[in-house]
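First, one chain by itself: the form predicted on its own, in structure tokens.
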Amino acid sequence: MPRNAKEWAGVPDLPADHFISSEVYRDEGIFRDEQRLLLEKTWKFACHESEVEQVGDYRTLSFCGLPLVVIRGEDNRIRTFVNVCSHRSAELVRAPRGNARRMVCFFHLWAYDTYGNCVNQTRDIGYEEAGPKKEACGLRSIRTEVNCGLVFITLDDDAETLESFLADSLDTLREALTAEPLELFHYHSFKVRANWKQWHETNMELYHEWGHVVNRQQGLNSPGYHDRRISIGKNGHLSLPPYRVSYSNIPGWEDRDSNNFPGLAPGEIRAVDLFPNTSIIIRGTAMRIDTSTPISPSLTLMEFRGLGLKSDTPEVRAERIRNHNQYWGPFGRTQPEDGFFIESVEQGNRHAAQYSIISRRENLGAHDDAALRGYYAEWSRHMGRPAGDPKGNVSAEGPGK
């Protein structure tokens, strides 16, 4: 039955962890707290190691308002620094990617090596009397660790190790990520008018596959699709057991019977969602990594990477690119639809909705909302408040079950 205004705004008659307040998507104060209490304290995927393959290769990004540069040092170690000159705070590296044995500030030509040391102060005679000496002017380093070729950063110098943070979350993908060297063949990004958590929710919540035309034609009809059981691991990470997809159900598409990633059976799909905002998905021959960077409560930078084997022949690489773009390219069949989904949800959360429902229970099957409940349990642990009542209003209205 339709609900009146009071009923619409009322707390859902559900267990307290089976609904989410829309405030977690739209409130400015909660957004600032997320950056301080959650994003700055956990590990963030920055890039794949192949993006900084040679000494001096660098890749820039921004996270939690900080401009950063990831660079491979003279000792072959990958490091990250705040991308700001120690002199007058000018942006140091100004291209998205490139190679530099020395990072030279274009403002006054101060220079830094790949270890982050300041190695040149233009006319340093001017600093002899009052200082500072260049030895005291190194760049701010950001903790950087690599696991399975994936480069992660954290802004918290005291955070747990990356190995501890990931725990066993990558086990189902480890062979595919490490058996042979990988390289990036695709990158694109766009800004989506939605909260940063919503894309990751869509990756975790497979119930939304009913909204994808191609998934209705092949994935949802594949044997074993609903027999899988969600695995919720340490720190809010999620993995799904593999299953095989028949792509030829779609006219003009071929099954992915050959050139699959190491460890995968023909046509097999595997997926891991890493808390708080990175997903790795392999569909037989194609691998995708996506991650989000919050800009505001209602604006998010999304980045998408496609990877292949370095040993690919031109013919195999062309196949991977074709299979990747069928689903995940800028004009693929599912990725644009995901953008439409979450921008629509954003409009509802911002202007009308009070709560989102995450109450599906299917014995941890593919369409069980346990993944979302696990994610928001971890969110609540970092934030020190429940996602269903982030401002402490529910008790006054009457709690859920």
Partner chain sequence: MKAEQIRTLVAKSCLSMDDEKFADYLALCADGFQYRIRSFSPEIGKEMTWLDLGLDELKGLLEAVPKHVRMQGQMRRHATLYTLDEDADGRFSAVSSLIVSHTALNGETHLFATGQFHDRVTFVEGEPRLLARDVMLDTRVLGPGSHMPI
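Numbering follows the first chain given and starts at 1. Since this is a predicted model, take the numbers as computed values, not measurements.
Form predicted in complex with the partner chain: not shown, discussed below.
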Q. Out of E337, E362, D33, E40, which one falls within 4.5 Å of the partner chain in the predicted complex, going by heavy atoms?
A. E337
Q. Which listed residue (K134, K197, R79, H186) meets the criterion of a heavy atom within 4.5 Å of the partner chain in the predicted complex?
A. H186
Q) So in the predicted complex, does any heavy atom of N120 sit within 4.5 Å of the partner chain? A) no
Q) Might N325 be said to contact the partner chain in the predicted complex, defining contact as any heavy atom within 4.5 Å? A) yes
**Q.** 4.5 Å heavy atom contact, Y355 to the partner chain in the predicted complex
**A.** no
Q. Quick one: is L240 in contact with the partner chain in the predicted complex, heavy atoms, 4.5 Å cut-off?
A. no
Q) For the chain seen here without its partner, which of 100-108, 147-155, 209-217, 286-294 has a heavy atom within 4.5 Å of the partner chain in the predicted complex? A) 209-217
Q) Considering only 295-332, what residues come within 4.5 Å of the partner chain in the predicted complex, judged by heavy atoms? A) I321, R322, N325, Q326, P330, F331, G332
